[in-house]
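Presented as structure tokens, the chain that follows is alone, the form predicted on its own.
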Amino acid sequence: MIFNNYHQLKDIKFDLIIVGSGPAGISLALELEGQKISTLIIEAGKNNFSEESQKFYEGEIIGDNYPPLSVTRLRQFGGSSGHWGGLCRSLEEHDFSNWPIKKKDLDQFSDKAKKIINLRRNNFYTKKINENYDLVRFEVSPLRFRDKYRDKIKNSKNIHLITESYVTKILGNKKINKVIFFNKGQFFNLSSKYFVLACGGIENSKLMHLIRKNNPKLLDPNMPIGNYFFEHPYKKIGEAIIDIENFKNFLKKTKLHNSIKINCDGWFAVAPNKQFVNYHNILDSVMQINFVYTDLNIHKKSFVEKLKCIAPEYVRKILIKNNNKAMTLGITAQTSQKIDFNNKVELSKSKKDSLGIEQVNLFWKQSEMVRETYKKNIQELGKFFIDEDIGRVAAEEKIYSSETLDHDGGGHHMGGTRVGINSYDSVVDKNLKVHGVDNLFLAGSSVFASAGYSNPTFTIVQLSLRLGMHLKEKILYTKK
């Protein structure tokens, strides 16, 4: 059932209250629905996008260039899945080296996650290209959680959703007792046995800061709330021209011709393997390589035209073979991020929103390892293209300069309430329960202890399903 007014649901008893209606919150509610567990999802935004609502996401960014916080996320039903690009891939085994769980603990939820995200398959394969590179498969979903699950939630007897309800306080002593939220010009409160924060990588940290502020004895004062925030640095790092015939021959030789189809695929992804990463002391990363068909009679100032100055004989040979047309490649890289305590989300000491709640400050800096990763990737790719005689690569000049690197992505907010063993260096345990609070849990990418190079949504859904299994046992046990 979907409401936008407190008075429509005030008499309903809830086993669980979830704050946030993005992929994490909706996936969790869906997992619990079949057990006749009464769940309420509280969403601060409206059913659709609203400029007025987005203003509540404003905040200050301190450090490197980063898109405005009111742009990189959506405050509406369905959360930031409203502008999600749809790319999915599970994390790698080594990404869990500093998590208290392993990849196998999430893999058991892959089939369910695939169905929730509306993937035709979850074939996240890894195929060897050479001694340094793997071809890695991302799946793509066209899903918008709001569009797919609006009617399902509207018709559900066990899932309840209230929109336009801004949670401003969460109160408790030894455990959480109630949430206070603003709805239709008034403040209301609701109680439940269990509570889950599922508001995204920045807002989860904000709410945890507010819990600490309003309940000073509830949380360990040393708990690193907001710390260890990270993103996926993302940037165009180069371009290439390829000899189509030689590239096809290489794909046949390596038995990759069914995985990279030049005339059908728009792009493919290449990742340096773990041995290469460790040897060169760089970050995990993936290169997205996009096919671009270029007619030089139209694009006189294209990359190929520039390349003529550097490798004129090679380009001339390629153009003669292909009737003055060429296939070029755009190369972007997405990296993990060095874990840094000082990359963090904090409450602002000077700026508040229109309801008097503190805005956030995001402290975010990319390490020099990002630049070194870009450079090593493009250098090795260039060498590989020459060795195999499949093309030539040119790097973007900026990755070799001393300028601060721009971040061309935005929106993969991870960390801030990360998972771990104790409250000294983490916020939640392996079951995503907040350390020291028996009935408060966190869901979403804020609990990530590392980023890897994969887009986070698939892992977010897997974690929510695993949390659902855990909460199912706790809630059903207390009902006996």
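If you're wondering where the values come from, they're calculated on a predicted model, not measured in any experiment. Position 1 is the first residue in the sequence shown; the rest follow in order.
Separately, the form predicted together with a small molecule exists; it is not shown, and the next lines address it.
- The contact with the small molecule in the predicted complex, taken as any heavy atom within 4.5 Å, belongs to I42 out of L32, I42, V434, A449.
- Annotation: in the predicted complex, residues V179, Y424 and S426 none come within 4.5 Å of the small molecule through any heavy atom.
- Note on the interface: of 106-114, 256-264, 384-392, 194-202, the segment with non-hydrogen atoms within 4.5 angstroms of the small molecule in the predicted complex is 194-202.
- Among heavy atoms of G468, none comes within 4.5 Å of the small molecule in the predicted complex.
- Using a 4.5 angstroms limit between non-hydrogen atoms, K317 is distant from the small molecule in the predicted complex.
- Though the partner is left out of this view, G85 does reach within 4.5 Å of the small molecule in the predicted complex, counting heavy atoms only.
- When the small molecule is considered in the predicted complex, G411 lines it closely, a heavy atom lying within 4.5 Å.
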